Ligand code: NAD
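Heads up, the chain below is alone and in the form predicted alone; it's given as structure tokens.
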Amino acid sequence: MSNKHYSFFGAVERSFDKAAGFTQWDKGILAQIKECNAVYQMRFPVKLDNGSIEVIEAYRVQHSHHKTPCKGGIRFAAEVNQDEVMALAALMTYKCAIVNVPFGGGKGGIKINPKKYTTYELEKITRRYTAELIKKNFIGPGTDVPAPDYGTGEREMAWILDTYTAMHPGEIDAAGCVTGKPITQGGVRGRREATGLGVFYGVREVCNMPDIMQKLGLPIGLEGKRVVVQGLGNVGYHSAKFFQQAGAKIVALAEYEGAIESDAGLDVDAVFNHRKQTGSILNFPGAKNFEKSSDALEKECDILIPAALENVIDGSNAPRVKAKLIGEAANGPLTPEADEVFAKNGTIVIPDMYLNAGGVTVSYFEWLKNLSHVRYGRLEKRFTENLNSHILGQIEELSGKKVSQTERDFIMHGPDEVDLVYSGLEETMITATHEIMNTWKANPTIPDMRTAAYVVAINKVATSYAELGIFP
């Protein structure tokens, strides 16, 4: 199948249909869940620095209103189109349901290559886009809450917040209209690395399941596992870093300009800095270059993490992928054809729709922080430290022994915001992993983990709809 006619939303619908067969819901409810509730396509003019006027094409899609607000990132990319934004919004609905984040799915996109614009031009585009969303009530702490995605970050989220608050003076919860903000603007510590950390927690949990590891013929745990990561953006970089810290070996890294490998293991930060200095990942000291970037996907390894763009593995190259475990850090890196190949040969694919849910989980924590108007840990940090200190003193007095300084520091430490965010994310990913695996075990006819994840999502969204009494 050539990518020219590949519909990303169509692929999501196919995965949905496959899973719907394993549920008992009414066809009408299933049809309602599958559709995008609201698709907003807009065009607006922006005056560039050279005085010329450019018409910008942009989108915001709200896939499901079974829970509000809707939630989903905004991407700035030349490839943005309606099909992609719809697919990503649908994935957000299922993602939030699986990890028990009470939001409906949404997604936004502006069809521009951000590298071709000055900071001032990007600011004008972002603020104008926000104003268009406000006009149609497509943004707000209780309606639709955007976040960063490709080509956007804290800076763009700050512009969105500023535009929103300027047009809603005195709205007390205005900071909750967008997440992924700078810390000073109501952002939450740990948001930047959240998606990569979630990928790490999810893969680690699967690697700690004895029955799954036995099936794959691998030892339990991450220690010594050979990992290939495609994409050194925010998600790929942090995933690779957490795997490295856990004792796994990063044997190859791929970026769009090329890929490198080293069986001895690559130091993620060193490669990252090399790329910063030289503008390319290639010719890293002590590593070999691949002929072409996509060859890295086919390298002999235990775990493959595609963390770049959609459909990089399809029916044609899937048979050459040697990884035993694939963790989808990107959105939709595998096509339905690739899924069939992997299901046949016993490769486990940990699906995107829950594996990269770290971002939306921590965005949810940020939104809660904005609505409660207090920093996590502020109320209980000292109380916990004082209590722990007292318990420790009592134990030492009763036992007549002293605890080592390292242990003392660990026991005494009251949680900071970032500790609570990490711990909330870890709990979320572990619970979701077990929920999906239990669903799969309960019905062995389910072909793969993705289908099991969709079954979990469909059941939760359908239950919501049914209990809301939307269907009399």
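Being a predicted model, the structure only gives us computed values, none of them experimental. Start at 1 with the first residue shown and count on from there.
Missing here is the form predicted together with this ligand; even so, the following discussion is about that form.
When you look in the model of the complex, the only residue of 255, 261, 298, 205 with a non-hydrogen atom within 4.5 Å of this ligand is 255.
Checked against this ligand in the model of the complex, the residues 234, 163, 126, 347 give one hit for a heavy atom within 4.5 Å, which is 234. No residue of the trio 63, 111 and 455 has any heavy atom within 4.5 Å of this ligand in the model of the complex.
At the 4.5 Å threshold, heavy atoms of residue 151 reach this ligand in the model of the complex. At the 4.5 Å threshold, heavy atoms of residue 71 stay clear of this ligand in the model of the complex, well away from it.
Shown alone here, residue 275 lies within 4.5 Å of this ligand in the model of the complex, counting heavy atoms only.
With a 4.5 Å cutoff on heavy atoms, residue 99 does not count as touching this ligand in the model of the complex; it lies far away.
The partner is not drawn, yet in the model of the complex one stretch among 205-213, 163-171, 377-385, 327-335 has residues with heavy atoms inside 4.5 Å of this ligand: 327-335.
Shown without its partner, the chain has no residue in segment 371-404 with a non-hydrogen atom within 4.5 angstroms of this ligand in the model of the complex.
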